[in-house]
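Okay, so we've got the same protein chain twice, two forms, each given alone as structure tokens, structure 1 and structure 2.
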Structure 1
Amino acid sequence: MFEKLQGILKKVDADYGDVRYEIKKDTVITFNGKELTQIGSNSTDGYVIRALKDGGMASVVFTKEGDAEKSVSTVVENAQLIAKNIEKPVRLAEVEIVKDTFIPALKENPRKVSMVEKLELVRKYNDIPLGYEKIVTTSISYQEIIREKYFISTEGTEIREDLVTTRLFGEIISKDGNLVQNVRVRAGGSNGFSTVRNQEKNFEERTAIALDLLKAKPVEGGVYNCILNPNMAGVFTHEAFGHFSEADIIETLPSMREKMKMGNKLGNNVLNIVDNATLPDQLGFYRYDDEGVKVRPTQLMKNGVLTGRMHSRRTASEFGESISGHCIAEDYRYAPIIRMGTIFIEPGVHSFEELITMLGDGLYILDAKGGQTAGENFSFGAQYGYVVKNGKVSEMVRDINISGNLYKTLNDITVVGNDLSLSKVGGCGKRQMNIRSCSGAPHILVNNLVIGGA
């Protein structure tokens, strides 16, 4: 394959060029209630050419090999047009030239598991909640995406890497009279089909929560000291903080660049945040990004101080900072953009039991359920929670919404637990979808959270 790509690249008359080729294979199985509504596999492939010419950078996507010559001509022409219409020429940070093949070791290769076996496994999980009287329906899907990627550049880099993602996800929906509740269920990862096996206990536990929510009371609105579970804390870290650590988000926003300046004290001393996509077997794991740059752990915050940022080659040059290997494309249909890999709050020293005792009175809030950010302000829903009284977890509450200001909340995180947990199913929709976007945290204690409710 590299010979074919070299033949295309040699025709790129530019200061820099690269070509990505990818074969993408999808498998999907979906149940809505007892009905199987989708099952099938699909394989597609395509190319992305990027060219830097006279300070302008452009990309072109094509799927037919016969369109290569026309696409080469177009991408160079577009780069020249861009160069004439931008104030500041694009420059790329220098990188190590790499020639490597990386095929991840899988605990069980999903390619070798039959569709019949996959279908029966999903059916078995789906039947668990449907066996309960007040579970009115489900929406459960299995998805498998295999990306076989090739990358070459005019600098001499040649990389072959596979990304294999398996995901089991959906909702369990309960109803009592006019009250309807739903709970999300998740399993999966990047290290093989084994990540979706043995999920019976997971489905039983999530079903029990969906049923318990029918008896829960709406939370009373107010300002509370709260413990956030790893999922909730991880989503906050990704959405409210992580995107402002992506250089392309803040580069044209002077006020945000000032606030997110290296060395600024943004959070409590207990807070350490890292993006580390090198962690093996995790959802966000990869070896090279889609610019051919080897990903490296990036310490974003240390003891509350901003210490790092995620970059493409272009933004690393623009900011005068180190490359990080965070330029990722959804697939062959897109040029890469800056994306988080595995972002998380690093663990502290306290157990969950110690956090509950420290909290005394407040709320224990679990599992994110949608949300939005507007600048430095955020609002997230939670799937459920519990009232905490005198250091003891008591009754369940529902209809929880959290809102706040990023910088105030970073300072109000007063205690970090020792029980780090990372997401098994990801998803970030920043201009493209990244299903391997992984987040996590230990349990954290946060003061003065604004809780919307009854």
Structure 2
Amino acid sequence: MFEKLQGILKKVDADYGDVRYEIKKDTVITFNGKELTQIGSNSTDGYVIRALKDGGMASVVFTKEGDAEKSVSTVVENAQLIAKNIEKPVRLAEVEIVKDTFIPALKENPRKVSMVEKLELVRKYNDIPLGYEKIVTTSISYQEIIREKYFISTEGTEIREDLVTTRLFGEIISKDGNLVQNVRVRAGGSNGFSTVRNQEKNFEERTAIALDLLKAKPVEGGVYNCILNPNMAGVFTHEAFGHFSEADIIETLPSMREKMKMGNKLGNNVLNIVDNATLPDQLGFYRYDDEGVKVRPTQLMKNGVLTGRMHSRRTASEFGESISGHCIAEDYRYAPIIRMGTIFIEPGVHSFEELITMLGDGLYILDAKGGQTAGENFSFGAQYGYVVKNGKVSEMVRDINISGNLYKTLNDITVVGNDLSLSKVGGCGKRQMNIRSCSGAPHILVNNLVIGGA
């Protein structure tokens, strides 16, 4: 394969070029309620070429081999067009030249588990919620996405890496009269089929929440002190803070760059945040990014002070900061962009019980349900929550959406728990989907969150 890619790369008349070829194997099994609605395994493939010429950088994607020549000339022409229209040429940070093959070790290779066995496992899980009268339907999918990647560059880097993702996810939907409630269920990871086995208890617990939500009251809108559970706090860290630590998000926003300068004190002293995609057995794990750079642990915040940033080669050069290996594509249909790997708030010393006592009165909010940011403002939903009175968890509440300002909220995180937990299923939609996006935190106490209620 590398020889074939060299054949394409040598036609790229540029100062720098790279070609990534991928074979993507998808397996999917979906149940909607009792019915199996999709099952199958398929394979697709395609190429991405990037070229840097005279200081302009462009990319092209193609799926037919016959389009290679047209693609090569298009990407070079576009790079030159950019070069003519920009004042400051694009440069790429220097990196080590790598020749490596990395096929990760798996705890049970999903390729070797038969479709029949996968189907029966998903059916068994799906039957758990459907055994309850008030669960009207489910939408449960098993997905296996295998990216077999080949990367070469004109600098001599040559990398072959596999990313094997297994994921079990969906919704359990309960209904009473006209009231419909839904709860998400999630399992999976980067290290094999074992990540989706033994999920019966998980399905039982999520079903119980879906049923309890039918009796829960909508939360009253207002400003609350809150405890966020690890999933919710992880999504906050990813959405509200993490995206601004992606250099390409702030690269062209002068005021944002000023706010996100290294050494700026942005958060409470208790806050330490890191992105570490080298942690083995976690969803966000990988060795090389999609421009051939080895990923490294990146301390983003230490004691509330900004200490690092996630970069592509282009932004590392632009910011004059260290490369980090965070330039990732969804698959062969996209040029890579900067993505988080495994981002989390590092654990503190307090137990969950201590946090509840410290909160006194407020809300305990659990499990994110979609999130979005625009600049310093963020908004995301929670699947459920509880009212906390006098340091005791009391009745369940629903329809919780929180919004806030990043900088205020980073200072309003006053206590960090000791119970770190990382997500098992990802789905960050920054222009492309990143199913390996992994986030987490311990329980955290946050003051003054705006909760939108009906």
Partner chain sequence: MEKLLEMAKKVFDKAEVYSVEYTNNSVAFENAKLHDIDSKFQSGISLRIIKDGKLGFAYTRNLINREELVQNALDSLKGGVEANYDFPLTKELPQLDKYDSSLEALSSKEMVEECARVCDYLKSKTDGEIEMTSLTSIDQIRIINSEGTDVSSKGTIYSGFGGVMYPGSSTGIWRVFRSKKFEKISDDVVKEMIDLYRLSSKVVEPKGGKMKVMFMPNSMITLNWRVFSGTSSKSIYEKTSPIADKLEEKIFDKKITIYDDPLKDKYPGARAFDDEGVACKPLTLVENGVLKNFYYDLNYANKLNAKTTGHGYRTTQWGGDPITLKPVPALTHMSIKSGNKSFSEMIKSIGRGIILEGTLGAHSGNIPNGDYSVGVSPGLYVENGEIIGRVKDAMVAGNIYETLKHTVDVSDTLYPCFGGWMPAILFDDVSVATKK
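Just so we're on the same page, residue numbers count up from 1 along structure 1's sequence. We call the rigid core whatever largest set of C-alpha positions still superposes within 1.5 Å between the two forms. The model shown is predicted, which means the values in this text are computed figures rather than measured ones.
- Of the two forms shown, the one predicted alone is structure 1, not structure 2.
- After superposition on the rigid core, the Cα atom of G40 is displaced by less than 2 Å between structures 1 and 2.
- Once both forms are overlaid on the rigid core, the distance between the two CA positions of V12 between structures 1 and 2 is 2 angstroms or more.
- Core-superposed comparison between structures 1 and 2: the C-alpha position of G429 differs by less than 2 Å.
- The shift recorded for the CA atom of G66 between structures 1 and 2 is 4.1 Å, with superposition on the rigid core.
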